[in-house]
Every structure is written in C-alpha cells, then in structure tokens.
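Single chain ahead, by itself, as structure tokens, in the form predicted alone.
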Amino acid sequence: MKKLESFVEGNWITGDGEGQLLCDAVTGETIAAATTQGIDFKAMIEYAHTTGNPNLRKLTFHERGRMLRALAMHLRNHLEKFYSISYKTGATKADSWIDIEGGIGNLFSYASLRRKFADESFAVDGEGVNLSKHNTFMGHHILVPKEGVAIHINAFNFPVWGMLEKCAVNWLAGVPAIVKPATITSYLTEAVVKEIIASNILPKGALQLICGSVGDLLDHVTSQDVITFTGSKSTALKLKKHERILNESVPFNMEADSLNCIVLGDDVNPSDAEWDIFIKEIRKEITAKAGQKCTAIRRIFVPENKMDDVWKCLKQSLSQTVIGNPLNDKVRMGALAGQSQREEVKKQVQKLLASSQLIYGSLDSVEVLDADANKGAFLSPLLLMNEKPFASSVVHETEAFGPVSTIMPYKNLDEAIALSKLGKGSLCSTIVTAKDTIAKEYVLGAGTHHGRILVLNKDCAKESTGHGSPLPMLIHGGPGRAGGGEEMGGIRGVKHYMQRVAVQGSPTSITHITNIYQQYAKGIETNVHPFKKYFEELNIGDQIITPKRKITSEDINRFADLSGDHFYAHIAATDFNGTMFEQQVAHGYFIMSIAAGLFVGSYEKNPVLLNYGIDELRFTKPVYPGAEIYIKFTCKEKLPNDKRIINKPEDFKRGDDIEKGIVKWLVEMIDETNEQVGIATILTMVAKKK
C-alpha cells in the first residue's frame, strides 16, 4: 500500500502504522494511506523558526515577490500532472481549474504586489506623525516579519488553492509555512508540494507539509506563530480554545463554513437579463465542486410573488446538468470528495427536511455518466423550499456541504436583509438587481453580516468573477459564524504575518531606520546634481537647495493666458473683498512649474529617463506678486522597476531593454519668509549604471 509522505525538516518521510485509507471519489478505489505517526512535530516548528524564518526574513519584498513569480511559472509547467490527480477528488476540469490554476494565480498576484513595498525586508506603514513644535521629534510605524511560522490547517475542498492562497501571503511577508491539508484529498497537495520542493526556488525551511493527523503540533506554538484554519465551525472552536494558543496569545484566523445567500431584487422580472443571470449563478454555485465550496449559495431569497417562476426555472436549469466521471467532457458535475462526505451531506439534508420540502433531486438515486453511482461518491443536486423562513431556525443554522440550496420568500427588502442576517455571519452574499438604489440599501443594511457582497446585473455579469470566487486583492472571510477572520486582501493580508512597531525619534533617525526621507531630517549636501546620478549612485537624503525666483504679476498673467485658467483669484483687477485672498494670487500649478524649472535646470542628457508622476501635491500658502520662491529638493525613496518580461517580439516597447528604477523626490516650495507654500512628491524613472 502506497503511503503519502510528509515534508519535515527538509526531508520527505513516511509515518509509521497503517494510517487512513484515501479513495478515488469517482471509482472508490484505494489511492494511498496517510499517517503522521512518529513525526516530531516540535522539531518541525523549531526547524521553521531557526531555518525557514531567518532565510525568508533576510530577503526583501522584491526578492520574495520574484520568488513567488518563479514558483508560479514552475508550477504551470506541471498542470497536466496536477489535473490528472485532481480528477480523483471528484472535481471536473472546471472545478480543478479553480483549485489548481486559481491557486497558482494567487502566487502571481502576490508576486506583483511586491511593487507596493520598498525593496526592504520590512515595510513602512502609513504616514509619519510630527510630535513636536519645532519638528525635531516624530513617530512612524514599521512592520517587521514575525519570527515564527504560519500553520495552515486547510479544508478538503481546495487542496491546492487552500494552500497557495495562504502561503503566497506569508511568504511575501517573510514567514515560512507548515501546511496541514485535510487528509481526504491530501494526495493532491502532496503532489504539488513535491514539485515546489523539487524546483529549489524556495529557501530551506520555507515550507513543510503534514499529510495526516496534526498530532501534538499545536502544543509547541509560540506567540510569534500564526495559525489559520479553514473548515467546520465546531472543529475551529476546539482548536481556538487550545490551552497553548490561549496562553501564548497566538493569532488564530478562522474561516468557517457559512450559510451564504443570494437575493433577487423585486425589480427583476422573468423577461429581464438579470433574471437569467440569477438562475445561472445559482446553478453554478450548486454544481461547481459538487457544492463543496465554503462560499456556495445555501439560501436563496426571492420576492414571494415570484417564487413559483423562480423554482420552476431553477428545476429546469438543474435538470440540464450532466453528472458523472469528471474525465468525460460531457460531465458538468463530478462526485463529492468521498463516501463519508456524501453521508454527512445526507444527514444534514434530513435536518433541513424537518421544516423544508425537497422540490428537485433525490437523496437516494442519481443518474451518472460513465461511472458507477454506487462506487463513486455521487449525489444529485438538491433544491429545497422553505415557505416560512422566519418561523424556521434550522434553515439558517444547518449547512449541507454539498450540492444543496434552499429557496425562500420575502415580502420587501427589509425582510430580505433581515433574512440574510439570520445566518449569523457569512463569507459572501449576492444581490441581483438592475436598480442601484436597491443595491445600496441592501449593501448598507446587510453589510454587517457578510464579508463580501456582490452586486450583480447585466452591466458586470459578463466579466464578474461570480458569487463564490474570492479574489487575492480582496479580503476573504466574514463575521460571526463565518469565523471573524480575514485571508488574502492584498497588503492587508500581508500585515497579518508582521508585527507593527511604533518608532519614535528625530526625523533624521527615522529617515535612517525607514530608508525613506522624512521632512525636516538633515539632508545630504551634494556637489553633483541628483539628476546627474544613476539609480545606484543616489542616496536617500541627497538634497539641493535652489536659488530664489521672484514671482511677478506679469508671470501670473502669462500663465493664465497660456493655461487658459482665468479663475477670478488670478486676475489682478478682481475685487478681493469677501474672498480668501488679499490680492492677485499665483496659480498653484504655476508655482509647481516654477519649482520644476528651479530644480531641473538645464542639463545635457542624463540618467533621468522621464517624469513618472506627482503624488501628494498640496498648496499650503497663497503666493502673491513680489514673493521669492526657492526649492528644497530631496531624494525621498528608491523603488526597483523590474524589466518587463517579453514573451513575443511584437510586444517589445522602447525602453524595455533599459535597467531602471523609480525615484521619489520630496519637493518643498518655500518663500522668502522661509514658510512653506507648497509640497509634493514627484516620481522619476532613473536609469541604472550597470
């Protein structure tokens, strides 16, 4: 009997004993056994702390991001192998695409997110805060990677996506991972991890895998570790109450199954495009992954006068779903993950039937294509109806984790919102309506009880990722029953694996610590104009102070004529009584233009390739004729700019072959009284010398 291997302390090992048998969900044949008996879980955590964590912490965000991209590219070369194994979990090609290529897509997304961070091993969080009258004392926040390990305890329904969507985030943050997939489908996770390890892209200790029981792993966690859990609420609560987790205050992110819902707006009629969109969305959510999705639609709320029309359309739509062997191209819904899972779904449906009626499907029989309905874990799509949703708590508390959903009526939007909340917290909800007023009322009314709300109509349906699709740059999680946690979410997710530290000191000290120039810090005087320096030659704090330029009324008039901006405050003949100004005032953009003329100067071709933009431009004091303006111009921050990867010659653009980076400059516009009249951050693209 083949045994799955766990990856422990840099080695593939097989546990002792017979272990749990894992079977093909379609044929019922035994695939392998999984056991972790004999594994030293304490050593796994110590290895992550002493080897994996230091190896990742010393890398910068950009190095980690490029690592993720390389890993994603590598895994894409093995898709055929992963798909062939995924079919054994009962997943169709479309289901497997979500799991496998969706997971790899998360790696790509977080690889790109590196550009939101400096090329440092830590991150600067938010803006600096001045804490003193004379600008000598300030505070800032930084984020440093935790010194522990991310322990991911995942569900059976997405053995690849469940791992990669979490690991992409902790790896970018600089923290290693121990992945514990649900045992029933862990054979697919094992196959992907084997390719990850074989690639040698990750540093040693960045990833360990447990195929089987978690053993006493949680007895050894520390306050520097982070635990994430995806699965049933009951299991999550048991883990969350673990004595070690409580004593060490270990962060515990819980994403539990929830009673997600969809609402049909009362403005939608059978002849509308939104009606068809609504029906298709429900069918997709019932049949995709055979309903085994934590985001699947479990409750359907429909205006009471449209109930008959809706359930008849749903029955017709579901009847067109071909169920059977995922290897057959005609099949649109495969099997559940295993026989035990099918029995559990039937058990939960029986609870629902105490207050609901089955209006489509059968608990006892299912017609399948190219498969044996008895040997495989197949189940018919099941549509239930509950006509008194306020009188029944079971339908809002019981989840059958399979192709099961219940349709219920509502009288008005307030009732629909109230019904959505009876689930006591969900991962996601959808409102299908053509009226944005209805959408707004639903979002604001129901938002407290759902982690994500999709507003679906004909304008976005074609490109919408759908009700059940969490996205890397948006949070995935929900309040209450859904666990109260958050996963992914772009930069938000990365921060879960980092410690926020408030740092106080002088602007010069904070500049040195953050490697970002802070206003009022000591600048570095340079005899060479910064625009004559290559990217590598520039230092944070390189600074020039320009000569002064006197602003005249004639200057203001000429700029008004040139730009076409004849706002009354820029006209000398204006009666300024009752305005905010004493006399004719210079255009803010004129002062910014003057600033550029002062700090740019007239130079021959130099390493500055182009002006990339202006951020945070503010005009802080009126400039009147006679004022004398000078500029304090300082190198604020340097960001890498990776060369674009060219896949086809025709995609090449001028400049793609130039090694370069982005430089941010602090531009302080100051008048003859030494008061600031304006401030901005400009960005330039600067060539590298190498």
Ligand code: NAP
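Residue positions are given as counts along the sequence shown, with the first one as 1. Fair warning: this is a prediction, and the values are worked out from it, not measured in the lab.
As for the form predicted together with this ligand, it is not shown, yet the points below apply to it.
Mapping the unseen interface onto this chain, G493 falls outside it, with no heavy atom inside 4.5 Å of this ligand in the predicted complex. G451 falls outside the set of residues with a heavy atom inside 4.5 Å of this ligand in the predicted complex. Residue contact with this ligand in the predicted complex: K180 places a heavy atom within 4.5 Å of it. With a 4.5 Å cutoff on heavy atoms, G231 counts as touching this ligand in the predicted complex. Proximity to this ligand in the predicted complex, taken as heavy atoms within 4.5 Å, picks out 222-230 from the listed stretches 300-308, 222-230, 274-282, 380-388. Comment: this ligand is not present in this chain, but in the predicted complex one of L264, I153, A521, V331 has a heavy atom within 4.5 Å of it, namely I153. Distance criterion of 4.5 Å from any heavy atom to this ligand in the predicted complex singles out N157 from the list N170, N157, T406, S429.
Annotation for 472-486: interface residues with this ligand in the predicted complex are H476, A482 [heavy atom within 4.5 Å].
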